[in-house]
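Okay, so here's just one chain, in structure tokens, the form predicted alone.
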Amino acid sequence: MATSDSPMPASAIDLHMHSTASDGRLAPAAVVERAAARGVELMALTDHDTLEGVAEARAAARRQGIRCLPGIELSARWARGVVHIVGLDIDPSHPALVAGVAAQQSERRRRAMRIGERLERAGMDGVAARAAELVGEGVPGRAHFARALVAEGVVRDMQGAFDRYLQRGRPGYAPVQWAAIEQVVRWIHAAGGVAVFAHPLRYRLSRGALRAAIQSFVAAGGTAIEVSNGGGGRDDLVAAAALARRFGLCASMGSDFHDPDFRWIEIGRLVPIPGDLTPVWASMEPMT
């Protein structure tokens, strides 16, 4: 294991992944097992707007002998759209964070109901029920509706489901009123965590709009940005690193793993961050 005298190699770190607690395909313990099998020593389970998988993941990490930071990926409203903020090394029991997550889950439930209604009006009976089956006791997200559309034979793949039915302007799209960036960062800080601007190059924003969104994040007290992401190449890394330097942010890295069938986004398959950037994990206590 890494210690403060023996820095952990970047290849052993993955601080962004998902489980069945939100829209992933593997249970939290199975995500941890996969991470350990792939040589990851420091990980974070960061499910969308929920803390449900944290306890299971941390228990599995102890059995595997690796370190799992309690984490979350929170949807955040910005003036011109929605961005995602990862919270790392949080206290999942902190009242401010728990209350914030409850509010986000309420918004998710309202959105799921509206998506189901809109798809039904578009002639796709049964899709909402199939999405509910896929998620079990949780709240269906857009990924569950996409999988349901594939399962019902409406589209060939998930990308087709988003392109034809679930993106803005499509028949199944339903807007949602997420908490503002400032609120989300406050929840993370109240819970003792570090706020990270997630996958900066995946938003459909112009360069100027992206910089403005990151500036809002920095003004709210955000301190890190994901520089190395799953599925991203060297050019993406260079662009994200430039944003880290421009705004004086620490660098994080995470695969954004969801599904073992999506082999282009795999746990631990990440390009190392540039050596001149301060890694977000540098200030975190090593596992004892």
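Keep in mind that what you see is a predicted model, and the values were worked out from it rather than measured. Each residue number is its position in the shown sequence, starting from 1.
Although it is not shown, the form predicted in complex with adenosine monophosphate is what the next lines describe.
> Ala143: heavy atom within 4.5 Å of adenosine monophosphate in the predicted complex?
Ala143: contacts adenosine monophosphate in the predicted complex.
> Is His258 a contact residue for adenosine monophosphate in the predicted complex, using a 4.5 Å heavy atom cut-off?
Yes, His258 lies within 4.5 Å of adenosine monophosphate in the predicted complex.
> Would Gln105 count as a contact of adenosine monophosphate in the predicted complex, using a 4.5 angstroms cut-off between non-hydrogen atoms?
Result no; Gln105 lies far from adenosine monophosphate in the predicted complex.
> In the predicted complex, is there a heavy atom of adenosine monophosphate that lies within 4.5 Å of any heavy atom of Arg186, even though the partner is absent here?
Taking the distances in the predicted complex, the answer for Arg186 is no, it never comes within 4.5 Å of adenosine monophosphate.
> Honest question, do Glu41, Trp281 and Ser283 all end up within 4.5 Å of adenosine monophosphate in the predicted complex by heavy atom distance?
No, none of the three is in contact.
> Can you work out which of His94, Arg118, Arg130, Arg111 has a heavy atom no more than 4.5 Å from adenosine monophosphate in the predicted complex?
After the contact test, the surviving option is Arg111.
> Heavy atom within 4.5 Å of adenosine monophosphate in the predicted complex: which of Val218, Val135, Leu205, Met158?
So the residue touching adenosine monophosphate in the predicted complex, by this definition, is Met158.
> Choose from 209-217, 121-129, 94-102, 135-143 the stretch whose residues reach within 4.5 Å of adenosine monophosphate in the predicted complex, heavy atoms counted.
Selected range: 135-143.
> Sequence order please: the residues of 17-53 with a heavy atom within 4.5 Å of adenosine monophosphate in the predicted complex.
Stretch hits, in order: Asp23, His48.
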